[in-house]
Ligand code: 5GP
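One chain is shown next in structure tokens, namely the form predicted alone.
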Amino acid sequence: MQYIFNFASTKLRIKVENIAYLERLGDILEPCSNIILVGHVNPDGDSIGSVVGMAGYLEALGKGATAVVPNRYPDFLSFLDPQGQILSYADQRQEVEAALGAADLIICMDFNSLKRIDALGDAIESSSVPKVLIDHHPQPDGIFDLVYSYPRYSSTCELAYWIIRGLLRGSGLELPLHSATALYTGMMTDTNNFSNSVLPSTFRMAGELMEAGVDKEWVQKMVFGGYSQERMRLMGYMLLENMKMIPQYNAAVMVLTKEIKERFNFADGDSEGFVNLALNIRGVKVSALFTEGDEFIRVSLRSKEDFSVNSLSRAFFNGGGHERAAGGRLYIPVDEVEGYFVESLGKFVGNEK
């Protein structure tokens, strides 16, 4: 039987004083000693922050915890994994499969479907151990035995924080500082430095973590001051030479091709946050970033006000996500992407009227 705790309609943060909803997770954790924590493909701050944060909590309980992601995380997040303990399935397949073989519990974080973890999803699905999902994306898969889903939360890190806080209540244990720092980082990056998807609970979380010792200035320096020279030059090029405005739909689009990647010595994570940049332009309500890969074109969509990029992505880009932040994939030639985006906007806006 699948147990689902879906907080989509709740207007308040999880009340840690009422921990009935945590009992099921506590019961599952109790006998486990080798737990796998899984993040999504192209892991961002929320993905790495949530698995590192949860791993630290589990280690404080005396549990073995191994963090796994489908491919490498961006270099600017390496301060969250100073010992290089997070395993990449793309680079360390045998180690990941050995860890999965020894696991007695799998906790998936910051993705709602095994499709979000590519080939690693097959390995997770074939495992017979219980599977828990902690996530803030809508419409979770039915494969999980226990689901904590709250799409209105700013981030999976925020959801994980309130869950951990509730589990810690009365235990005499404290959240390790490195876990607190990781959770703060994921929350900060997923809100674009507190500029979107923020609830009052988000600021309460930030304040409590700062009181616990998190140095927010240091975290910001590591995240926003840890980029390579190539990344900064790439950002300047994309804004000056690549970004196209679509005034009839209050939109902007950038297309990151393989040729541009090679020119700027692109590394995973170098385009993190690019899709948000155009939303700072007066009048722009929708921003899109298309990134050419070997097998498909990755779609990143952001919006503000009342424009649902979740609906746009589901209708035209083989994806979905949040109302103001969504993603997907395209399987067309890269030189057709801009035209397809404009055409899709026209159809979508026309249907909305």
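Note that the structure is predicted; figures quoted are calculated from it, not measured. One-based numbering along the sequence shown.
Not on display, but discussed next: the form predicted in complex with guanosine-5'-monophosphate (5GP).
Engineer: Wondering, does residue 70 line up within 4.5 Å of guanosine-5'-monophosphate (5GP) in the model of the complex on heavy atoms?
Structural biologist: No.
Engineer: Examine residue 325 and determine whether its closest non-hydrogen atom to guanosine-5'-monophosphate (5GP) in the model of the complex is within 4.5 angstroms.
Structural biologist: Although guanosine-5'-monophosphate (5GP) is absent here, residue 325 would touch it in the model of the complex, with heavy atoms inside 4.5 Å.
Engineer: Spell out, yes or no, whether the shortest heavy atom distance between residue 304 and guanosine-5'-monophosphate (5GP) in the model of the complex is within 4.5 Å.
Structural biologist: The answer is no: residue 304 has no heavy atom within 4.5 Å of guanosine-5'-monophosphate (5GP).
Engineer: Going by a heavy atom distance of 4.5 Å, is residue 298 a contact of guanosine-5'-monophosphate (5GP) in the model of the complex?
Structural biologist: The answer is yes: residue 298 has a heavy atom within 4.5 Å of guanosine-5'-monophosphate (5GP).
Engineer: Can you pick the stretch from 317 to 325, 62 to 70, 48 to 56, 31 to 39 whose heavy atoms fall within 4.5 Å of guanosine-5'-monophosphate (5GP) in the model of the complex?
Structural biologist: Partner-contacting stretch among the options: 317 to 325.
Engineer: Pull the contact list for 87 to 121: residues with a heavy atom within 4.5 Å of guanosine-5'-monophosphate (5GP) in the model of the complex, in sequence order.
Structural biologist: The stretch 87 to 121, when checked against guanosine-5'-monophosphate (5GP) in the model of the complex, contributes only 116 at the 4.5 Å heavy-atom cut-off.
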